[in-house]
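Shown here is one chain on its own, the form predicted alone, set out as structure tokens.
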């Protein structure tokens, strides 16, 4: 017999068995799948368990889900860190493609171990066994053992030297089917824990009065009236970025945090603050001035990123020329759950509880502001009340870390109000399009020039050279690439202090108008 004899279960062994990183099988034959990716409403706590359950031949109804703890480990070459459990970030709508074979492999390996234990117990070949909905079945003898009975022994079986074979897609029973969303009952009953709900013993509550205008800096503050309120414990400064500086792992703005026994008391204390700020270097910037700046830039040569054929010659020979302009404003994410973070800076490490799309950046942000190594940062990820790209920028993590440090390492929950969230976002970039299109005698497109100006969401991203800022704004293969012989794309980067970032999944939502059907309708007018 390999591993723990099955009779040990009959003698009182009742603990759940964790097989590998992701699968926990209980003696009652129920299964817990620990999901590496954060759930932000996109359904990965249902879809990713389906991948693993498929190869495990599990009864999907018996499966419950837990968020896998964040774990980074040093790379073998000593340069930086890597995920221990596979990628634990979500962004760009790639969770399924990232994890498709990875989690299937994990499920197949657990199934292999369960089959080995059952085959050894029955003294048959593993090839004489099949699996079905949490059971291993002896094909010839008709005997059955539940995964719950086999799990404790399966834990002790070593990993194979080569990957366990995966199913052929025509054998799928779960992948490609409709399944009930995991956790929906807890959501409906109000039992699901979001970051806004999280609590830890001894936790205080904080809100922050942030700079009222972009890039303004804190000069001084008078907290006497706030501290006079019973239950208001501390008032501390929060350091933001330098004007026009890099926002990586820093708060968006300077601020003053009021820490109290409750969120309501913190809000009341914030109302009593008297704060002096510097003038903002953005004080003369407005929508009108930005538009004038963009128009001036677009009248000059831009960064040509695609140039097929000879646009100038083709447009000169066109029978008809169509010119259009389109503008799109800055747009906030407006997630249903505002931003927030619990931080507890201890003597030997830091604990973080947060709604996030990028748990690795939470680790690195906390490490930067505490001086601890990433191994000393513990991050617990809750379900998020929406992400849409906003929670890829964890400016609220260093805010909470700074406050916890400043009040002597006490645990604190920094929570934004809706007003805080709308005024302090990484907005979708402001964009302007200009098109000049030449049609031939038969109405066919013979020349296409697209100019795009934007405030660039890659601006201030570490390590991105200026010539690559266009990448998330203008895609080289957008319509009508390779359909028009003479095609030119020009990009114009517009510098501004307005923080920008990804917005609701697609890399270039501001280019949604580049739809073939839409343009065909326009050109036929």
Partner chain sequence: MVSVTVNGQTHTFDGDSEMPLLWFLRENLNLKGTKFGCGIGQCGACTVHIDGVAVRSCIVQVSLLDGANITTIEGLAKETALHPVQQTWIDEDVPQCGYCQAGQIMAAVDFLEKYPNPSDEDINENLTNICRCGTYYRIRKAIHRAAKLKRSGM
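Please read all numbers here as calculations on a predicted model, not as lab measurements. Residue numbers count along the first chain shown, from 1.
The same protein also exists as the form predicted in complex with its partner chain; that form is not shown, yet it is the one meant from here on.
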item: Stretch in contact in the predicted complex with its partner chain, which is absent here, among 182-190, 217-225, 319-327, 107-115 (heavy atoms within 4.5 Å); value: 182-190
item: In the predicted complex, the one of 73, 336, 139, 296 near its partner chain [non-hydrogen atom within 4.5 angstroms]; value: 336
item: Proximity to its partner chain in the predicted complex, single hit among 268, 423, 436, 167 (heavy atom within 4.5 Å); value: 268
item: Heavy atom of residue 262 within 4.5 Å of its partner chain in the predicted complex; value: yes
item: In the predicted complex, residue 41 touching its partner chain (heavy atom, 4.5 Å); value: yes
item: Interface membership of residue 372, its partner chain in the predicted complex, 4.5 Å heavy atom rule; value: no
item: Contact label in the predicted complex: residue 418 to its partner chain, heavy atom within 4.5 Å; value: yes
item: Residues in 196-212 close to its partner chain in the predicted complex, defined by a heavy atom within 4.5 Å, in order; value: 196, 197, 198, 199, 205
